[in-house]
Each structure stands twice: as structure tokens, then as C-alpha cells.
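We begin with a single chain expressed as C-alpha cells, specifically the form predicted alone.
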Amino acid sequence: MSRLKKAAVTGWPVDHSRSPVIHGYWLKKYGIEGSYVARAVPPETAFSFYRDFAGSGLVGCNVTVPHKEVAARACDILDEAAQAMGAANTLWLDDDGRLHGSNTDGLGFLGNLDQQAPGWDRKAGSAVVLGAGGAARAIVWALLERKFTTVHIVNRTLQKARDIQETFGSQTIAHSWDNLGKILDNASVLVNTTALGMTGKDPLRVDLSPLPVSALVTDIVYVPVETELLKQARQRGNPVVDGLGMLLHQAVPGFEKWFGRQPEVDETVRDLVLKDMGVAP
């Protein structure tokens, strides 16, 4: 009889996470004997928890705020994305007990756009990324993977944007927020990676008038599912993609590593997450 594989989402706090809904659905769909739960890890014990992960009883885990950087430092092996971002959101143990770390946020971003807007990167020209936090790093990495020629990073604190520019090199350009209007006119993709526009946060105020109507607009915020940025873009005729799919697609690599099956992001799992959020599908 095979040992029941257990995985979890870890962070502080974790009660808000929708990951158990996603992975629980896939476990049931594919008839896999496994479990996926939420495990709160206090900040003061986070490094030791990940460093001694073999003793956790888990085959792997997701990592959410504020532990992604700590988890990366605790890993024995990091993939290219996690190294570039200095943060890991997906961990697993290999047969030798070594802890591997990956950052799947960028892959989730790409998977979402590939599914919802096929061909979106066919003319990979100039992209504009709003924000300069950990999510922005993942998006910049993803856009460069898809051969965008220039990625503009726009942030209220210019130095944070410059820090990302220093990481990713000459194809990235840092800007202060007041320079946004000057760079939108040539953009083929606009991405919001800030928390602005999220339920309970300050609104995101962006004048989209310089943006070409052909440009794709996407927001990693998914509460609400249609943010004001997406609503404004949709009303003026831009193609738009919401952020919920990024959450779903970033979960795929971990599930495959832990349970040996690549899951499908289908309408059912999306509807389950929407229901868990209190939104009618």
C-alpha cells in the first residue's frame, strides 16, 4: 500500500489561501490518494521549518507571503526563475532528500495569458509593468522569456524599479510613475502587479488614453475579478485578461511534482475558486 502523499500551502497567515480548494479539486478529479492543507508557519520559525523540511511530513509545499525569500534561502537547489527572483513559491524533496525551490508565478502569468488570449505574444514588442515588488520580478522574467524587446518598469519609488532593472539588464527600463503617460503609446502589453485596485486597497488611477486599443491589459489582482483597470480597458476596446487564471496556472507545476500528474486548468476549478470567494460563476 502506497504512502499517502501530503502537501500544503505555508505562510503567515494562510487562512485566506485558495490553494486547498484548487489542489483538493485536482486530487479528487484524478482519483489521487493525497492531501493538501494549509499550514501556518510563524516568521520566527520559518527558516528552520524549510531548512528541516524533510521532517515536516510533507512531500512539498507552496509558499506564500511573507516567506518566499526565506524559503529560497533554505533550499538546496533553486531553478532559474527562483534564482533570478530570490524567492521561491513551490518546494519539493527529491529522492536524496534535497529541497528544491521554484518560482512559478511567471509560469502562471504566461499560462493564464496563453489560455485566455492565444497569440498575445505574437508581436512581442514593448511591455509596461506597473509595480516593482516580488510579483513584478516574476512578470518581468516571464515577458523576457517570451522575447519582449523592452520591458518598462513603472513604480512610485524609482529605486525599486531600478533594482529590478539591475537584475534583468538592458532590455528593462525603470521609470517613475509620472513618466507612465510617455511610454504607454508604444506598448503591446500593460500589466498591473501592484495591490492597487484590490478590494480594500486604494484605487489604481491610470489614464489609458495613450495606450493603443490593440494592447492587451491584464491585472494580477483577482479580488475583484474585474478590477477598475480591466473594466476601463474593456470599455475602450482593449483585450483584457483577469488575474484569477494566474493563481490557477501557477499551481500546476507543484501539483505535478508532488502527485505525479499534470492537472488541467478547467472551468470547474475556476468556478470553485469563484464560489469560495463568494462570487457567482
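So that there is no doubt, residue numbering starts at 1 and follows the sequence shown. Quantities reported herein were computed from a predicted structural model and do not represent experimental measurements.
A second form of this protein, the form predicted in complex with a small molecule, is not displayed here; the remarks below concern that form.
Just one of Gly181, Gly86, Gly133, Gly125 comes within 4.5 Å of the small molecule in the predicted bound form, counting any heavy atom, and that one is Gly133. Of the heavy atoms in Thr157, some are within 4.5 Å of the small molecule in the predicted bound form.
Under a 4.5 angstroms non-hydrogen atom cutoff, the small molecule in the predicted bound form lacks Val70 among its neighbouring residues. Heavy atoms of Asp202 reach within 4.5 Å of the small molecule in the predicted bound form, making it an interface residue. With a 4.5 Å cutoff on heavy atoms, Gly60 does not count as touching the small molecule in the predicted bound form; it lies far away. Only one segment in the set 78-86, 192-200, 117-125, 93-101 has any non-hydrogen atom within 4.5 angstroms of the small molecule in the predicted bound form, and it is 192-200.
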